[in-house]
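Okay, so here's just one chain, in structure tokens, the form predicted alone.
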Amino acid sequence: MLPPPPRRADPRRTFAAAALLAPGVLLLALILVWPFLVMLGMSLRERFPGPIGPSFAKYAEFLTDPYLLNVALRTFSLAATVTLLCAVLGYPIAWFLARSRSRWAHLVFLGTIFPLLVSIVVRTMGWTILLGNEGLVNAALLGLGLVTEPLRLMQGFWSVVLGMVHVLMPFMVLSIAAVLGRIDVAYAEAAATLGATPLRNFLSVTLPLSVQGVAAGSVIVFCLTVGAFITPIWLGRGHVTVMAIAIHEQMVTLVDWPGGAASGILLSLATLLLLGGYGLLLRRWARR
């Protein structure tokens, strides 16, 4: 029997769908695409105000400036570290929220999303109160006689990592928990009846099925860390410069708008390339 001929699209339904999508598409173009195009045009100038003629001088300056390259490397190292820690620490919490029937699960859920209810500035200042030279940690160490002078717990890479993990952990936990909650427990039970150990069951069944949640959470955490400004500048205290801080210095302090725009364009392109490579690796791993 021959297959039925394909249905022709109804022009009226197509027009209705396009009319419904048009406001959202225009809004996205207005708030996302247009600013990016303006920044791209700004980056092709040698100075502002100045001639509009296309010039790649600012891109060449960035790629030949050891300071900016070092800042870019630190930014992506920070993003990768924060993403990895959020995934490792957040997966057990997500597992508990998705699979546990404990009466304490709702308290764990509230504790997970509670940081989202407080301003990022307040959360960062809280870590300052804890880790500062006169903070609670140093006061406790001095009171116990374990140290003779305050430890420098801030102004370092790992203090920024700690603050960023605290800020972004909920995004990772909620992304993984949403996927774990949709996985049928029958898969794990079937693997167990075939002799799989709990570790083998997790590595061969649960983790591959939940990789979409890990990937979604990783993309969110990575992108938010790459563009972070408040937490690095507050906890780093000038010793942990990331790209957001460097771009702010270029545009506000040095008044080099084309240079800041070029840095922003290169940061966006590098982030997209890294996320694209990450997606390809996940797809290959999921097919195994």
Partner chain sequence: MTARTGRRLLNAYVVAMMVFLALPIAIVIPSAFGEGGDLSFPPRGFSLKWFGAILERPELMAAAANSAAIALVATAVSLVVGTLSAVALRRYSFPGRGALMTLFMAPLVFPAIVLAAAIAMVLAPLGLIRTFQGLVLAHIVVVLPYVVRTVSATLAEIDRAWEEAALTLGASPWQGFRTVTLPLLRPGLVAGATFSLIISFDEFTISLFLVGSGMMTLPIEMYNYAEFSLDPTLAAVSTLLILLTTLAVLAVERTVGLGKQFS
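Only the largest set of C-alpha atoms that superpose within 1.5 Å between the two forms is called the rigid core. Computed from a predicted model, the values in this text were never measured in an experiment. Numbering follows the first chain given and starts at 1.
Heads up, the form predicted in complex with the partner chain isn't pictured, but that's what we're talking about next.
Asks: Even though the partner chain is not shown here, does it sit in the predicted bound form so that 23, 128 and 229 each have a heavy atom within 4.5 Å?
Replies: Per the other structure, all of 23, 128 and 229 touch the partner chain.
Asks: Spot the stretch among 145 to 153, 131 to 139, 187 to 195, 202 to 210 with residues whose non-hydrogen atoms come within 4.5 Å of the partner chain in the predicted bound form.
Replies: Of the options given, it is 131 to 139.
Asks: Only one of 180, 169, 71, 214 comes within 4.5 Å of the partner chain in the predicted bound form by heavy atoms, so just point that one out.
Replies: Only one listed residue qualifies here, and that residue is 169.
Asks: Is residue 98 close enough to the partner chain in the predicted bound form to count, meaning some heavy atom within 4.5 Å?
Replies: Close contact is absent here: in the predicted bound form, residue 98 is far from the partner chain, nothing within 4.5 Å, heavy atoms only.
Asks: Residue 34: heavy atom within 4.5 Å of the partner chain in the predicted bound form?
Replies: Residue 34 belongs to the contact set for the partner chain.
Asks: Evaluate residue 119 for contact with the partner chain in the predicted bound form, applying a 4.5 angstroms cut-off between non-hydrogen atoms, and reply yes or no.
Replies: Residue 119: contacts the partner chain in the predicted bound form.
Asks: Counting only non-hydrogen atoms and a 4.5 angstroms cut-off, does residue 240 reach the partner chain in the predicted bound form?
Replies: The answer is no: residue 240 has no heavy atom within 4.5 Å of the partner chain.
Asks: Going by the partner chain in the predicted bound form, which residues of 207 to 237 come within 4.5 Å of it through any heavy atom?
Replies: 219, 220, 223, 224, 226, 227, 229, 230, 233, 234, 237, in sequence order.
Asks: Using a rigid core superposition, assess whether residue 143 undergoes a CA shift of 2 Å or more between the shown form and the other one.
Replies: Yes.
Asks: Align both forms on the core first, then report whether residue 16 has a C-alpha shift of 2 Å or more between the shown form and the other one.
Replies: Yes; residue 16 is a residue whose C-alpha shifts (by 2 Å or more) between the shown form and the other one when the cores are overlaid.
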